[in-house]
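Before any questions on how it binds or moves, here is one chain, the form predicted on its own, in C-alpha cells.
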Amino acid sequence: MKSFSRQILTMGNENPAEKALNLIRGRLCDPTFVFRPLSASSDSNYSKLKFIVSTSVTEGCNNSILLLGPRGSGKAAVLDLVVGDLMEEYPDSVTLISLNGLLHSEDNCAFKEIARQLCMEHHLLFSKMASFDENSQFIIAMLRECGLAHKTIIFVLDEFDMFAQASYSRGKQRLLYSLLDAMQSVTSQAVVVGISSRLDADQLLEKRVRSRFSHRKILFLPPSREEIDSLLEHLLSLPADSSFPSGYVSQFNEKIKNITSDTRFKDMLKTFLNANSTVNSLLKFIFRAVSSMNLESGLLSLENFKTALSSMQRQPKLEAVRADCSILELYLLVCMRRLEVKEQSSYNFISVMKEYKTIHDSFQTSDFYAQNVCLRAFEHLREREVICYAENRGQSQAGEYRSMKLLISASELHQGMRSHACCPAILLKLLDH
C-alpha cells in the first residue's frame, strides 16, 4: 500500500491523487454532471419538464408550469439541463428570458429587463429611455413575431412567489397577467416557467391571473436511497479509460465501494439526511469529505466523511460552552445541573448561589466570586440562550428570584466542558458525581 502510494507520487508531473481530487471537485460544482443520472428515468422531473417545454417548441402551443421544492433540491439545475438540451436540438427555435423575483418584481423593471434580453437575443437596439407602455407593446409584438416565425420564448421566473406578492401602483401581478394574457393569442408561442420554494405559490395568484395559468406543477422531492447510491457512485468513481494509472483507478474505486457499503457510512449518511435531505446539501457534505482526503495515500477514507459530518452539524449550544463561557459561568452551569440531578424541580439564581457556596466550602476552590459578579455571569448565560426563565409569569420579579432552567443537555455540557481550553478538573469531577 505504502509502496504504491510512493509510486503514484512520482508518476508524471501531476500527482494522480491531486488530479483525482480536482476531478471530483469539478464534478460536484457542475450541476449538469450531477443531475444527468437523476434525469435518466422516463418518470424523472427532467423528462416531465422536457416533454412540456418541447411540446411548445414542436407543436407551437403555449404552456405555463411551476417547479416547486425546497432550496437546493435542483429545480434551477434541471431546468438549465432541459433548456440546454432543447437549444442543442432546436438551435434556432428557442429564446430564453430569465428574471429573478429578488431583482425584477417591480413591473417597470421587469418589462425593461425582458425588452433588453429580447433585443440582445435578436440583435436589436435597446432604448433605456423607453416607457413602461412602450416596453409592454414591444414585448407583445415580439411574442407575435416569434410565434409567426415558429420560435418559442421561454420565460423563467425565479423566486416566482415574489412576482405574485409584488404590489405597486400600476396594479398587482401586472407582469404575470400581461405574459399569460398575451399567451392566449393564437400567434404567440411561449412557455412561462416559475421556480419557487413555496408549495402554495399558485395560491398567491389573483383570480384573473389564475384563470390564465395552466396549473401544471412539478414537485422536487428528496432523492430516494437508490438514487443517492447511484449518485455517489457517479460522483466519486474514477473513469477507467482515463489518464490515471490503471492500478490507482481500480484501488480508488474499490475503496469507494467499501466505504459506501459500510453500515457506519450508511448510518452517518442517514443522520445527515435527516437534517437536510436536498441534493445541494449532499453535495456540500461530499465536497467537505473529498477536500480532507489524504494526498499521500491518494484514497478516501471513512474518517474523511466523519470529519465532514462533524463540521456540518450545527451545535450552537455546545459552541457556546466550549468557546464563550468563562470559568465562573461553567461553575454556574455545573451547579444548575447538580440541582437538576438532585431532582429539585424549581430553582433560581439564589438556589444556584447556595449550591455554588456549598461546592466552594467542600472543596476549597480558588474560583469564588462575589454575588453581583455571579449575577452578571448568569445574565450572560441567559443572553447566550444556554439558560432561560422557566416560565413567562413573574416578570415583575427581580431576575434572581425567577425560576430558571438549562437549555443544554447533560451530554452537550459534558462534551463542551471537556473541550474547553481552561475548564478546571474539579468541575468535570463534580459533573460526573
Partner chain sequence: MPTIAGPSLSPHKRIVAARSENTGCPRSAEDITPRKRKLRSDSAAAVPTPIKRKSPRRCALMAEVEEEPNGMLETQFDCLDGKSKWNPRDDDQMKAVKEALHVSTAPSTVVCREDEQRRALEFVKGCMEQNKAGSLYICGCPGTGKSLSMEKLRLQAEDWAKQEGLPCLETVSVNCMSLTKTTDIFSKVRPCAIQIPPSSWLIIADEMDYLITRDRRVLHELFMLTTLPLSRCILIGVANAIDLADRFLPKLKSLNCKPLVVTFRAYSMQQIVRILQERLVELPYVAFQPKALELCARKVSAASGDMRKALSVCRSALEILETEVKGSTDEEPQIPVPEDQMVKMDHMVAALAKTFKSPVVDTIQSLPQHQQIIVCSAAKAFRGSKKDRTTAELNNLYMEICKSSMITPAGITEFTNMCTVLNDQGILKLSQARNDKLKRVSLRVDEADITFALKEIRFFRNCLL
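Positions refer to the first chain, counted from 1. Note that the coordinates shown come from a computational prediction; the quantities given were computed from them, not determined experimentally. Rigid core (definition): largest C-alpha set, two forms, superposition within 1.5 Å.
Although it is not shown, the form predicted together with the partner chain is what the next lines describe.
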Exercise. What stretch, of 255-263, 141-149, 225-233, 269-277, brings heavy atoms to within 4.5 Å of the partner chain in the model of the complex?
Worked result: 269-277
Exercise. Do residue 63 and the partner chain come within 4.5 Å of each other in the model of the complex, heavy atoms counted?
Worked result: yes
Exercise. Could you tell me if residue 316 has a non-hydrogen atom within 4.5 Å of the partner chain in the model of the complex?
Worked result: yes
Exercise. Just to confirm, residue 193 within 4.5 Å of the partner chain in the model of the complex by heavy atoms?
Worked result: no
Problem set entry | Interface membership of residue 95, the partner chain in the model of the complex, 4.5 Å heavy atom rule | no
For this session: Find the only residue in 306, 360, 212, 337 having a heavy atom within 4.5 Å of the partner chain in the model of the complex.
Result: 212
Exercise. Going through 205-221 from first to last, which residues have a non-hydrogen atom within 4.5 Å of the partner chain in the model of the complex?
Worked result: 206, 207, 208, 211, 212, 214, 215, 216, 217, 219, 221
Problem set entry | residue 36: Cα shift of 2 Å or greater between the shown form and the other one (core-aligned) | no
Exercise. Is the C-alpha displacement of residue 407 equal to or greater than 2 Å between the shown form and the other one once the rigid core has been superposed?
Worked result: yes
Exercise. Can a Cα shift of no less than 2 Å be assigned to residue 68 between the shown form and the other one, given superposition on the rigid core?
Worked result: no
